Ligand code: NAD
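In the form predicted on its own, a lone chain appears below as structure tokens.
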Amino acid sequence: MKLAFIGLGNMGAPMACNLVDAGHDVRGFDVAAQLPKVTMVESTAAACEGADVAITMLPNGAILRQVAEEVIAALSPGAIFIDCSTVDVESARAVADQAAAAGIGALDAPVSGGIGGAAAGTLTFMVGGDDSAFDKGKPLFDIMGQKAVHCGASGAGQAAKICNNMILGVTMLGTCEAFALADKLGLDRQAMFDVVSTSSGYSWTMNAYCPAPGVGPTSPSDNDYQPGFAAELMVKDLGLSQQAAEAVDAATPMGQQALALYEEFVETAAGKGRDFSAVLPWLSGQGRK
């Protein structure tokens, strides 16, 4: 296929490279990055001209709305627009409506799996949009990831991502609090892991992404908390969850508290640029308030 890829940052670049390696003709545009494997062009419009599918990976909903205007104007009717950014549900639905009016299929398809998953082609895609567009996009999802779940109509992919990452943020905080408490109770971290990882406290944040260095499978904690998923990105996603909750009058008290704690960690505790699991050493250094 002829593909356009706009947004070639830490996530977009390896995703685009995997599409090139699979034999697709990829033209890319990014305001800052250059990518040797991809045919780089000078604008969004140039990337999208004649493309069968345009893919975007962008920082937020406001930028998505701006870029979508150019993408939709440049694509021909019958093309597909896949946005892999994590944005607010309202922006995803607005872009889908705009694309549909131009005869273009639209999918909101945020991802889970981080930079490592993007490089390895093992991302999970949470996809919103109609069946026809999903069927056309599925072969590309299969190259860039290990799983693509069609969650429903436009906006459903973003809704799934927001809910998933609210669980992730809350669970990581609980895992880190438990380790910090265990430390002060004199419980060995390995013993803590051995018990919890096979008991009712089992979770992805404990078993696959343990925040305690030297315990469990290798994770960012074993690399001085260099980010696999940066704390400020967790702030962004938790903020989106609370924006969505407010819009539909949903009670999310733990999501609210998780957002407040991660905001404090990033803004006042040198958490910016560190992995979201680095809340463990931060909490370990605090006493009860």
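Residues carry their position along the shown sequence, with the first being 1. Only a predicted model underlies this, so the values are computations on that prediction, with no experimental measurement involved.
This next part talks about the form predicted in complex with nicotinamide-adenine-dinucleotide, which is not shown.
Asker: Using heavy atoms only and a 4.5 Å cut-off, determine which of 115, 100, 159, 178 is in contact with nicotinamide-adenine-dinucleotide in the model of the complex.
Answerer: Exactly one listed residue reaches within 4.5 Å, namely 115.
Asker: Is nicotinamide-adenine-dinucleotide in the model of the complex near all of 166, 239 and 253, within 4.5 Å of a heavy atom of each?
Answerer: None of them does, since no heavy atom lies within 4.5 Å of the partner.
Asker: Answer with yes or no whether residue 20 is in contact with nicotinamide-adenine-dinucleotide in the model of the complex, where contact means some heavy atom within 4.5 Å.
Answerer: Residue 20 lies outside the contact set for nicotinamide-adenine-dinucleotide.
Asker: Using a 4.5 Å heavy atom cut-off, state whether residue 266 contacts nicotinamide-adenine-dinucleotide in the model of the complex.
Answerer: So residue 266 does not count as contacting nicotinamide-adenine-dinucleotide.
Asker: Hey, in the model of the complex, does residue 52 get a heavy atom within 4.5 angstroms of nicotinamide-adenine-dinucleotide?
Answerer: Contact with nicotinamide-adenine-dinucleotide, no.
Asker: Is residue 29 close enough to nicotinamide-adenine-dinucleotide in the model of the complex to count, meaning some heavy atom within 4.5 Å?
Answerer: Residue 29: yes, in contact with nicotinamide-adenine-dinucleotide in the model of the complex.
Asker: Among 80 to 88, 166 to 174, 132 to 140, 206 to 214, which stretch has residues whose heavy atoms lie within 4.5 Å of nicotinamide-adenine-dinucleotide in the model of the complex?
Answerer: It is 80 to 88 that comes within 4.5 Å of the partner.
Asker: If you look in the model of the complex, which residues in 2 to 17 sit within 4.5 Å of nicotinamide-adenine-dinucleotide (heavy atoms)?
Answerer: Residues within 4.5 Å: 6, 7, 8, 9, 10, 11, 12.
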